[in-house]
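Read on for two forms of one protein chain; each stands alone as structure tokens, with the labels structure 1 and structure 2.
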Structure 1
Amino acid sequence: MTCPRCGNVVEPSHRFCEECGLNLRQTRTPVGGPLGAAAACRGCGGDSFGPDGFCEQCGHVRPSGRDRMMADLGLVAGLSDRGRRRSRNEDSMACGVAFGAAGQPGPASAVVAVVCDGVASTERADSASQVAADQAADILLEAAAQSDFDAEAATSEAVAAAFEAVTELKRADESPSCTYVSAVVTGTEVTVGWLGDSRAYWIGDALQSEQLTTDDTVVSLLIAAGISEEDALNDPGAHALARWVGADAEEREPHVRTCSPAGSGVIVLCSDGLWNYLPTLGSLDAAVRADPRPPSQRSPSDLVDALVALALESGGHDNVTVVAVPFPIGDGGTT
């Protein structure tokens, strides 16, 4: 077999390519995000930009590579879009496939996905979300390639690494922060971890669905304390985050849970740019099932494309990010 990056001959037992250093037991999105080509103007659709970086037809600034980021690794796909109202995309994602005892091509042992939503009220929220997603994905992928893999322990370690990376961005008067949600998907189990209000859902082919996360928001705390949902929603700070990833966060231990779905389906991770338009489990479930194919039989790239398009058509008031992982995972991915 050969290294998929440089073509050097490698042995199945090799963990890294001796020529270029590529980790042969995983494939993942690039560190820094799967930056888009950003070829078309978001104002008029034109592709002619002046040396000053503005569209020569309508004057809109040239989109950055973060405005629309797409990743398709075969077993997992994600799409992150700036939306129609925000000046930049502060959502981030990272995903990858871990392989077992042998390098590529070989059986996938786990699929990893991370979505982080930069807190808009903080400085450099886009940097915070991306370093958090990248650091967490690194920890999860490295752990998933080990024979003694413990997904829940790895998730806690991933969140700790995300905290450390975001804390390094802190300056005297700035504390960048973000939300966090991750999923580790194997052939038999799904382990999710989260802090904040980014969500994970299970959408089963056999009509059973579940929101796997609970929102770390003020409204959720009020309801948990016994206040009616109606009164809680009327609280002025109802939708403020109660927990997050950042140097100023008081609680750092993530929520972690593992489930064993009885059948096939798809895991969906998303930022609030999607669920603000599909706030209930039923509404998200209906949006996924608008396509007649069973959720697990759709390509993940097709599914995330459809859900992001729905958010944009509904107004696109916020950045929107969606990652999908069919369950159970297949035998291998593509680069």
Structure 2
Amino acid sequence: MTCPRCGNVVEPSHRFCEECGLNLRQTRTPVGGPLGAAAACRGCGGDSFGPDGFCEQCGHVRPSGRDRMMADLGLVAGLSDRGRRRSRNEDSMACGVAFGAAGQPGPASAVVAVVCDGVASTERADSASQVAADQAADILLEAAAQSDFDAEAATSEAVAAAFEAVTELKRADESPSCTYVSAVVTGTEVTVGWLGDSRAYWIGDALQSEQLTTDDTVVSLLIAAGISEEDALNDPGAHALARWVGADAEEREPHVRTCSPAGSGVIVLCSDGLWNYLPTLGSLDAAVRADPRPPSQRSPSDLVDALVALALESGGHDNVTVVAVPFPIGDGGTT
């Protein structure tokens, strides 16, 4: 077999291509996020920035590569946008494809996707969400390449690794934190794990769609405790997170759930920047089905483009991140 990147002949037992160094067991988004290209100044369109990172002409900050991050690995695609009202993108994502023992260019064994939303009230929330997503994706991809892969156990380990990475950012006066949602998708199963209010959805081609996560928010806890939705929403701290990833979090064990859909569809992970505009399952389902093709037959990059555009057109009040994985995963390598 040959390396999918450089064409060099590779041994199936090898982990890396000896010619170009490609990891044959996995392909993933770059650590630090799939940063966008440096763009022109948003204030004046110029391109001359001082060493302090501000436009020499109009003073606007140099656009960040985090403002719009795009990833398209064929079997999974993600898009993360700063939105229209926030000064930074504090959402992050990481995704990848694991190839099992045979390695690339064989069939993929699992697709991994992680979305984390930095808690805006802490400084360096963007770093927190990015290291959490990167660490978790690493653990999930490593585990998925093993023959005795246990997706639920790997999800717990991934969250523990995310906690460790975020805790390292803690300083005396601040404790950066973020939400967490991940999906491990194989040919037969979907395993999701979460802490916080970033969501995972199953959108079936023919089967009923479903929200796979329940928000870890005060309002959800109140409703679960039997308080009416109306009263719960009137609680002043209703939308506060009840659980998160950060040094100051009490509960660290994620919710984990596995399902085996009987038909095809697509898994959608997103931050609240999307679902605030599509709060119900029905509204999100309808937004995906606005395109006449069956959801699993659309390219995932086309699907995430459409959903992010919808959030931006609706006001783009928050950072918005969407990752999509068609189910079941195809045989596609990285083509």
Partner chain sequence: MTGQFQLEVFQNEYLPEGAAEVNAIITVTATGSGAAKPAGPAAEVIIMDCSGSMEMPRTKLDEAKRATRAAIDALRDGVQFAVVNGMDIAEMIYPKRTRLVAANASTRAEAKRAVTAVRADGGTAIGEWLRLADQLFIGHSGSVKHAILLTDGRNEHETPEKLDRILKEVSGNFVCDCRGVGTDWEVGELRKVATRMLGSLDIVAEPAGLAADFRAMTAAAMGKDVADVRLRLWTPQGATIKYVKQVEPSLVDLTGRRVESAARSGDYPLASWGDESRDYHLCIEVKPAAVGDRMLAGRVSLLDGDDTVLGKAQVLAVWTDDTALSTRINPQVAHYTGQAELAEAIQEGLAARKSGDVETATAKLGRAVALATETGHEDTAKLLAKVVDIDDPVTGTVRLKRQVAKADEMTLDTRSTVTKRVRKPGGS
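Since the model is a prediction, treat every value here as computed from it, not as a measurement. One-based numbering along structure 1's sequence throughout. Here, rigid core means the biggest group of C-alpha atoms that superpose within 1.5 Å across both forms.
K.L.:
Determine, for this pair of isolated chain forms, which one is the form predicted on its own.
P.N.:
The chain shown first - structure 1 - is the form that fits the description.
K.L.:
Is residue 57 among the residues whose Cα moves by 2 Å or more between structures 1 and 2 after superposition of the rigid core?
P.N.:
After core superposition, the C-alpha of residue 57 moves 2 Å or more between structures 1 and 2.
K.L.:
Relative to the superposed rigid core, does the CA atom of residue 48 travel 2 Å or more between structures 1 and 2?
P.N.:
Where the cores coincide, residue 48 still shows a C-alpha shift between structures 1 and 2 that is 2 Å or more.
K.L.:
Aligning on the rigid core, do we see the C-alpha of residue 312 shift 2 angstroms or more between structures 1 and 2?
P.N.:
Shift at residue 312: below 2 Å after core fit.
K.L.:
Give the C-alpha shift of residue 22 between structures 1 and 2, in Å, after superposing the two forms on their rigid core.
P.N.:
So the C-alpha of residue 22 has moved 3.7 Å between structures 1 and 2.
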